[in-house]
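The chain below stands alone, shown as structure tokens; this is the form predicted alone.
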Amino acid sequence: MSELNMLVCVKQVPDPEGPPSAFEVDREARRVIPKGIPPVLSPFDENALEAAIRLKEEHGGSVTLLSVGSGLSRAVMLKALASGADRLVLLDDPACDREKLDAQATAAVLAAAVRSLGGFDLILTGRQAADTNAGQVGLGLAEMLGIPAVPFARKVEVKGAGIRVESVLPDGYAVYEAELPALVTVSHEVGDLRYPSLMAIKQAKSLPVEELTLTGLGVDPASETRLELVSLVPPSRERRCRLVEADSPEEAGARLAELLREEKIL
């Protein structure tokens, strides 16, 4: 087929490798506040970008990055752009704060952006975001665009006028074929995103960056929201300590085993 026109949807999230102690739960605002945690691309979205770059290297074409959020870090996006993408499109608006958008609203905003940008042969997303782990946006986006979707890809290949996808299963993988245009959600089995060179990062600064607005797209995220967050609380942890008293190590071991059986640990 002719060269692929690909779109990769990427989300900025607090670094999931950050320590749990750096995340604070605001019960009144019902949101998680990261402290001292830098933003990064969601790791599964990095896998999706790597899959797109490999397809571009094999078949030619272009890769457009699309990110929706609030207070987006340009440095994070520049690194992603330098990895092998050709174009960056951003929608940076307080109404698109990651704590405000549910899966339905996110998919609706992305669908409006895709329609505004024009047709794409292939759209790739991560299988889920590292902050919510919901895994709903990609498939919801495909539904709104009226195109086929294949989830959990570990490998994506172009076959004739369509694609062949190996989709991860708990005990192996399934093979699907779909006509283009299509959407694929990508799993970590594809492989990590390559690290861009310093030269590529410098060159990426000259690549086109387009900014969209909610007004221009004619979409209101609040009206698309379907999920109501009633409460948000940190997990409670209860710790108990029981001392095993005995006259010998053998007796202590036997009593410890009895206690573990009582607690149904053994």
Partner chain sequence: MALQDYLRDMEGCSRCSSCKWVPFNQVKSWRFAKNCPSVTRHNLHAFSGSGKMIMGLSMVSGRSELNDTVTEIIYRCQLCGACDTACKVYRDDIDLMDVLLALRAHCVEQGQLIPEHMLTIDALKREDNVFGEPKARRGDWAEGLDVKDAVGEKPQVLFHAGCRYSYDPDLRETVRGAVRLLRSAGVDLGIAGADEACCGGRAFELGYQGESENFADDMVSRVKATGASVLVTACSDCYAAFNYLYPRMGKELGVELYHITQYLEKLAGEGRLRLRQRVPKLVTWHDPCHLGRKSEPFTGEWKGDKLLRPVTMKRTGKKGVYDAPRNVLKSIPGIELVEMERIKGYAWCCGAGGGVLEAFPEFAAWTAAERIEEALATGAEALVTSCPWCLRIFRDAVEETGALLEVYDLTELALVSAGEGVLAGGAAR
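Positions refer to the first chain, counted from 1. These figures come from a predicted structure and were not determined experimentally.
A second form of this protein, the form predicted in complex with the partner chain, is not displayed here; the remarks below concern that form.
Taking P234, P208, P38, G60 one by one, only a single residue has any non-hydrogen atom within 4.5 Å of the partner chain in the predicted complex, and it is P38.
Checked against the partner chain in the predicted complex, the residues K79, R154, R87, R115 give one hit for a heavy atom within 4.5 Å, which is K79. The partner chain in the predicted complex comes within 4.5 Å of no heavy atom belonging to L229. Interface residue remark: A75 is counted as part of the site for the partner chain in the predicted complex, having a heavy atom within 4.5 Å. The closest heavy atom approach of R27 to the partner chain in the predicted complex falls outside 4.5 Å.
Interface membership of E251, defined by any non-hydrogen atom within 4.5 Å of the partner chain in the predicted complex, is ruled out. The partner is not drawn, yet in the predicted complex one stretch among 215 to 223, 48 to 56, 198 to 206, 236 to 244 has residues with heavy atoms inside 4.5 Å of the partner chain: 198 to 206.
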